[in-house]
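Just one chain is shown here, as structure tokens, and it is the form predicted alone.
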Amino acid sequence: MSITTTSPAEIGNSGNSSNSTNWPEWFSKDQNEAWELFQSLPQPKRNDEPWRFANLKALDLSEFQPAKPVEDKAVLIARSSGLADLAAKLVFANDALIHREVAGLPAGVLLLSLEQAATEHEELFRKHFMSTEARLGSKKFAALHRARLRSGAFVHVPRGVVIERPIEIWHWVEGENATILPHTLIVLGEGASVTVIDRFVSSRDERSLAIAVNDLTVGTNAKLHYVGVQEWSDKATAFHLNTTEVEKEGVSTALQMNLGGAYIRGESDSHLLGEGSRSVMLSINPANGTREIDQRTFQDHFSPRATSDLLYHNALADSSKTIFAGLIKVEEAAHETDAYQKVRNLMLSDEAEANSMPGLEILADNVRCTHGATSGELNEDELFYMMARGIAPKQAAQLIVRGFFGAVLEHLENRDLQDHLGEILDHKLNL
């Protein structure tokens, strides 16, 4: 079967199709250039290293259509219920902002749609919006995202501002073969702090396409907690592309939970730019049926005494498949680097397949870098212990999986957030 090079029903015509009159003229020109780039880039091929082991048939996007306005905004707004105590909430449906509420953001904080930010804060927007090239394989799909972007969320926390309660952003898709392009751009000034939760949800059990991008910029001595909870339908195809930049003494903790989708491609590129910066990269992936979760990561150290820590947990049932390829790179000036990379695969079926390819490239002296991947089955002693106390075998296995994922959640500082994400996991695991 040949792989088409067309876009999802071209997601519009050859000109600018942001479907919004609110974008400034300069951005419309950028979109036209991105469309030309998308058309010029080849479709991924079997011998492309960034697509090793990937299901290339899933990259045929020709049947997908531009998402239409949702039928009932009020229903989706009502369903956008997560944490009880929030600083603010945005709700997008098919790439349109349908709800905004602010419970008490500090003065100076910007929480806007992307098109409003591009118009009213052009310099800040242009500096940070998709400012680095996608280099983990999905450059073509990142160009498509930029070319056909319609809206998204912009969060700017200025210098010294600490937001105690989280900001929650919902991205809904509705419609058979609908395509959406969610985008979240977060910029933290020096000493700023915030927690942002992105929720990606299908309103119905429908086939859809999402090409989601988040840009995370963490300033000097700033602290960001970012969580992406993906609950697409089991028929969805989705790309989740992340770039994180961390300045001196800044800390970024980013967790991606992949709970839905038929084919998920995740790319996370972390740039440790400042001395003493830190990036924590986490992922929770329960895979069942014939789901495929393909994740590629890059921990790139540019400055001395920076730390990166990656922990990905996959639990594979039925004939599901996971792919992980990650690289730690220590640039020439990044002495005294601490970098860790750990992938753990819990195999729940003989038919499941886990591919793990961790890697190191060290160009500096006096560094400490470790990487590895493990695969194992359920612990028989743990199963026996629970069954001896009257727990059914299926539920005992689910509890072990829940504990396996709980070890990742423990890396989050906010206990209320841990508990909330645990409840989402319990629902997914039928506990």
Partner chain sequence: MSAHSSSSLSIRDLHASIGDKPILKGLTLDIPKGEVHAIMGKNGAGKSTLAKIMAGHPDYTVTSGDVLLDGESILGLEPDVRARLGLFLAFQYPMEIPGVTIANFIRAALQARLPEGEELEATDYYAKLYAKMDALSVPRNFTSRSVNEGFSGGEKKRCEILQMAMLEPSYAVLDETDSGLDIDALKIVSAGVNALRGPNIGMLVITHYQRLLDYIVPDKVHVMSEGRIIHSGDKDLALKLEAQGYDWVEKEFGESGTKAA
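Positions refer to the first chain, counted from 1. Predicted model, so just to flag it, every value in this text is computed and none were measured.
One more form of this protein exists, namely the form predicted together with its partner chain; it is left out here, but the text below deals with it.
From the list 367-375, 391-399, 63-71, 44-52, the contact stretch for its partner chain in the model of the complex under a 4.5 Å heavy atom rule is 391-399.
Of the residues I362, M386, L37, L59, just one reaches its partner chain in the model of the complex with a heavy atom at 4.5 Å or closer; this is M386. Although the partner is absent here, E382 sits close enough that one of its heavy atoms falls within 4.5 Å of its partner chain in the model of the complex. Its partner chain in the model of the complex comes within 4.5 Å of a heavy atom belonging to R415.
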